[in-house]
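Form predicted alone, single chain, as structure tokens, below.
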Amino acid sequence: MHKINRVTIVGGTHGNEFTGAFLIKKFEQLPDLIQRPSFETITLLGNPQAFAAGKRYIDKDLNRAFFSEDLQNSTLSSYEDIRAKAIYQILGDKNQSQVDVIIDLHSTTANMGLSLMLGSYHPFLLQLASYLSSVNPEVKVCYTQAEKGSNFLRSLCELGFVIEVGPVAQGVLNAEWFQKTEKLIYTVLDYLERCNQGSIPESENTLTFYQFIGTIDFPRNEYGEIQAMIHPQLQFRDYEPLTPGDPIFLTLDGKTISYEGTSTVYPIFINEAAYYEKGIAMCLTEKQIDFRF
């Protein structure tokens, strides 16, 4: 593993996710908190206009604006497209990245706890994830997609990943999740420092993680209107098993709709407020245990 020289912490990629945005504000005021002897740590407020407006975005989702072809397309002129190009110039792409690690901070209305969202099976990320989950049982690890051609901000760096915390209401600063996220960031930075010093912290050579396999939308009528909600027995049960026949939705007139899959899955981002517009009621994962790397 090459030496880590520069780390970027990004917050406010979505303007109404205040946990990360206000941590960036804190680190800007107290930069020594995130500096380590062997590498530089810089901060970036991802979407300043959306943050100022208290909105997720101005024109479009910034965290879906990093396809390589979009970054090179001069005809895309929305605020977020322009902002994505500016961030690209600051951080660079995976092949010519100006940073070694990107930590992109997000919060969710779903009961995701402390989640580490990975986009690749890079051995270093797996080692980091294994360590973080071993020292903090609250940390869950998700593998969401391969980063080649990804439109996520984290994909601008080979060692980019997301810290997703919740449940936190949109546009609300929650002290508990602020402190837990801050503590996890320090743990990550300390780990990177020890790696540079040649003393990688010990952890078990196994990792339990959740592999993304798909999404489920709410039941809708022919006009696209939602006809059912998350069943009360499923609400806030992120990372818990959902088996065929379990309640999944409750119609507006009180009828239960059961899960019709053929195997046990583990839903995450259940009833995430920001995903209503994306046609997603929850994401489904498979639990992978004792993955060796």
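In this text, residue numbers run from 1 along the sequence as written. Note that the structure is a prediction, hence the values are computed from the model and not measured.
Below, we refer to the form predicted together with another copy of the chain, which is not included among the displayed structures.
*Asks:* Quick one: of Gln235, Gln49, Ser38, Ser68, which gets a non-hydrogen atom within 4.5 angstroms of another copy of the chain in the predicted bound form?
*Replies:* Going through each option in turn, the one that passes is Gln235.
*Asks:* Let me know the one among Gln227, Ser258, Thr264, Thr43 whose heavy atoms come within 4.5 Å of another copy of the chain in the predicted bound form, would you?
*Replies:* By the 4.5 Å criterion, the partner-contacting residue is Gln227.
*Asks:* Taking the shortest heavy atom distance, is Thr181 within 4.5 Å of another copy of the chain in the predicted bound form?
*Replies:* No, no contact at 4.5 Å.
*Asks:* Does Leu76 make contact with another copy of the chain in the predicted bound form, using a 4.5 Å heavy atom cut-off?
*Replies:* Contact with another copy of the chain, no.
*Asks:* With a cut-off of 4.5 Å between heavy atoms, is Thr285 one of the residues that contacts another copy of the chain in the predicted bound form?
*Replies:* Heavy-atom contact with another copy of the chain at 4.5 Å: absent for Thr285.
*Asks:* Ala175 near another copy of the chain in the predicted bound form, any heavy atom under 4.5 Å?
*Replies:* Residue-level check for Ala175: yes, a contact with another copy of the chain.
*Asks:* Since the chain is shown here on its own, which stretch among 118 to 126, 193 to 201, 162 to 170, 68 to 76 would lie within 4.5 Å of another copy of the chain in the predicted bound form, judged by heavy atoms?
*Replies:* After filtering at 4.5 Å, what remains is 162 to 170.
*Asks:* At 4.5 Å, heavy atom to heavy atom, what parts of 261 to 287 sit next to another copy of the chain in the predicted bound form? List them in sequence order, or say none.
*Replies:* Contacts from 261 to 287: Asn271, Ala273, Tyr276.
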